[in-house]
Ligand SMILES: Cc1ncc(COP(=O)(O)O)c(C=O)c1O
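A single chain, nothing else alongside it, follows as structure tokens in the form predicted alone.
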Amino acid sequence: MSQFRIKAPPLSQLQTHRSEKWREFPADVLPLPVAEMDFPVADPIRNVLLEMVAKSDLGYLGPIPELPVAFGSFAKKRWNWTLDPEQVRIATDVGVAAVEVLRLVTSPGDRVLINTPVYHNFANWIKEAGLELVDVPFHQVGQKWELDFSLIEQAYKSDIKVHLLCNPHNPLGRTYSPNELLEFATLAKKYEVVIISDEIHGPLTYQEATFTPFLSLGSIAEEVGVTITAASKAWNIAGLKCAIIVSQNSNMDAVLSRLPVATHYRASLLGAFATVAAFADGEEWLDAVMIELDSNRNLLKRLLVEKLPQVGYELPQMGYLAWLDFSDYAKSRPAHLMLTKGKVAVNPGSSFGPNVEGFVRLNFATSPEILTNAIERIVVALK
């Protein structure tokens, strides 16, 4: 593990940032909805960006064999996943990757399965591709969220073409077990469904949990699966615009070979080489960030137990997005109360699916001071 510490800068400095997180709301609001971290960028990424800018190396993205090699090395070391670098492709971001793959494997009007509550842009991508959304939602068992695989199979039987899988899951903060993923793969092969596995949060898995890349599970998963991922969440470089599309099967590779040529070239030169730096040289920084995130997820738990003990909160197994049940304090629109009365911005649960009106998603990838201030403000807002 890392021997150095990473700390978020003070609020006054963060408020000078130009990203959506810091420009969407007035200055008196603590913005904790957008999935970006407040930590300084990793030195290997900073160095390659500074070098390229200093040399005016800001042209179009061309061949970059370094990227699949770097990702393959990272995947092998981190997850014991041996992949074929020849089947790693580049896209602008994970959303573009999802839409382009959907367009390849469906026809307009086809049906795509999701499992709510889930990242809200899944619905947007499905709509953009001209497809019909089908939902088999998670159900809550205590504080845990589970899927009914009999309902999954019924959906697959109903002429589903694609299952868009959030692995690991945003906003629930859960990983999938290998058995769950193999169950998806087996059903997908049986009913000729393609599984697109969004694995952008995979590197952010905590030590007590295990992230399993879908395509690492053998020939059945490789036959039905496509992975879309990026360094953008784990290394906080979403604005640099680069993602990857991975297959591990010759037939699926042939399908993906029909991606528009521009899918590669619309990614950013800076983003692609920052991604190489992240996967090749960014592990020490990532490990240090995971220490801070682990501390913050537990700090949030302590603050809630002390100040808002009826809030439902299961420590996430991955990432920096807390899924919080405020139903005992505000059965509907708690996020609205937090913003209008507490000046804290979070994501409303309703944006992730039906029947979760009392939930919010809160980003805790910030300083302990900002996180503590946010909970204090929320306490006031709910009085």
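One-based numbering along the sequence shown. Treat the numbers as computed from the prediction; the structure is a model and nothing was measured.
One more form of this protein exists, namely the form predicted in complex with the ligand; it is left out here, but the text below deals with it.
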Checklist outcome for this item: Only one of 211-219, 225-233, 295-303, 136-144 sits within 4.5 Å of the ligand in the model of the complex by heavy atom distance, namely 225-233
Item to check | 4.5 Å heavy atom contact, Gly95 to the ligand in the model of the complex | outcome: yes
Checklist entry - With a 4.5 Å heavy atom cut-off, would you call Ala75 a contact of the ligand in the model of the complex? => result no
Next on the checklist: Tyr119 versus the ligand, in the model of the complex: is there a non-hydrogen atom within 4.5 Å?
Outcome noted: yes
Checklist entry - Does any heavy atom of Ala35 come within 4.5 Å of a heavy atom of the ligand in the model of the complex? => result yes
Next on the checklist: For the ligand, considered in the model of the complex: do all three of Trp125, Asn170 and His201 come within 4.5 Å of it, counting heavy atoms only?
Outcome noted: yes
Checklist entry - in the model of the complex, which of the listed residues (Ala129, Leu269, Ile90, Cys166) lies with a heavy atom within 4.5 Å of the ligand? => result Cys166
